[in-house]
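The chain that follows stands alone, in the form predicted on its own, written as structure tokens.
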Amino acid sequence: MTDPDRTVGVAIIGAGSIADGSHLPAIRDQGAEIQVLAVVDVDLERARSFAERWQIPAAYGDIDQMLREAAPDLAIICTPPIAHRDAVVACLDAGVWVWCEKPPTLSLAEYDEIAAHEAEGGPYVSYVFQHRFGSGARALREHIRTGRLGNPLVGICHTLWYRDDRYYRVPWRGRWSTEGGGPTMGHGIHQMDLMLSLLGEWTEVRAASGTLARGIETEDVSMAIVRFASGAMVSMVNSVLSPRETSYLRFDFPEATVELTHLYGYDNANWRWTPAPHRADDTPADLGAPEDNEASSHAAQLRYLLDDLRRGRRPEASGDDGRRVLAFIAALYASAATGLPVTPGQITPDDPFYHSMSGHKENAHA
């Protein structure tokens, strides 16, 4: 599709809470630019109920049938992680662009397998990393690119959330073979993706993880020290054991400290811009705090994606750009399992952590 004015036809795959609470509101926010043609779910009755609630004209229990009959331009994948690969591949092979929920896949092997089904000019698959798209993050990324605040030096990337035992009663959660990992994979991935999208290439990770309180296969907490090519060092924590929940990122530069404190989303009010002592009289605006106030949201990312789709260009959070955080997570798990530092080049197809975040072949999704 290269018509910048054409209405984009969309299909929803997976009629669960993330589609209901995040994706349909984001679609409605686009106005006439987008039209929902169909919804698919393995539970056809749930699909029909979803379609009735959102006034969607067609409901299906089979992806292939939907692709043939509804012929969407874009499919939004809202299924559990274990179902991402097959759904994405089916859509790409039908010539349909894809926007897929996180985590992108269960492993780097799956990610690379999916990438082979993309074509130059599209269809492409992009992944839901909406925290990149708020005005605060986009302003800071530009300042890092231009060196406005100096080179980044010290960072903090904490996802301190709380998930109780009831949360893990859902059968696919907390298992390597169906969720891909614990809070490192399913929760902290948002903050880590934002950190990596800002600071660029990492060079080494040293990590530890544990299952301290939840009766699950995966970890319920992980910690890491990360070095970046810029020289910056970052402390990371991913937890589902933290009753006072917060998502916290901090970036220390020679000229300022920039902080983001939120939970599941932010706007400019969640950012704090503090000048270095030698710039004590500077305001946040002097440091580069943005004047426009675009909140991080599914709606914000979808606007960018629709523009890329219409122009036939690779979107943000796809290809190598979408793979970066998954490769980092694989390295973090490898370091936690072995007790050794891991560098990016180590996680190759010969490495067990390329095929499963657990490092065990039996947990790979065949």
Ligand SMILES: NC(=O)c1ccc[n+]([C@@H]2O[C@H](COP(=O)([O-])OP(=O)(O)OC[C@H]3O[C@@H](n4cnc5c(N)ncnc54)[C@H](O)[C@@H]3O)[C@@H](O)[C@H]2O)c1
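Everything numeric in this text was worked out from a predicted model, so none of it was measured. The first residue of the sequence shown is number 1, and the count goes up from there.
Just so you know, the form predicted together with the ligand exists too; it's not on screen, but the next bit is about it.
Q: Using heavy atoms and a 4.5 Å cut-off, decide whether 41, 83 and 103 all contact the ligand in the model of the complex.
A: Every residue of the candidate spot has a heavy atom within 4.5 Å of the ligand in the model of the complex.
Q: Pick from 130, 159, 126, 209: which residue has any heavy atom within 4.5 angstroms of the ligand in the model of the complex?
A: By the 4.5 Å heavy-atom cutoff, the listed residue in contact is 130.
Q: Find the only residue in 247, 79, 239, 135 having a heavy atom within 4.5 Å of the ligand in the model of the complex.
A: The option sitting close enough to the partner is 79.
Q: Would residue 214 sit within 4.5 Å of the ligand in the model of the complex, counting heavy atoms only?
A: Judged by the heavy-atom cut-off of 4.5 Å, residue 214 is well away from the ligand in the model of the complex.
Q: Would you please decide whether residue 63 lies within 4.5 angstroms of the ligand in the model of the complex, comparing each non-hydrogen atom pair?
A: Residue 63: contacts the ligand in the model of the complex.
Q: With the partner left out of view, is residue 190 within 4.5 angstroms of the ligand in the model of the complex by any non-hydrogen atom?
A: Within the cut-off, so yes.
Q: Check residue 16 for me: does it contact the ligand in the model of the complex (non-hydrogen atoms, 4.5 angstroms)?
A: Judged by the heavy-atom cut-off of 4.5 Å, residue 16 is in contact with the ligand in the model of the complex.
Q: Hey, of 275-283, 214-222, 199-207, 71-79, which bit sits against the ligand in the model of the complex at 4.5 Å between non-hydrogen atoms?
A: Single hit among the candidates: 71-79.
Q: Are there residues in 169-198 with a heavy atom within 4.5 Å of the ligand in the model of the complex, and which are they, in order?
A: Counting only heavy atoms within 4.5 Å of the ligand in the model of the complex, the contacting residues of 169-198 are 172, 173, 190.
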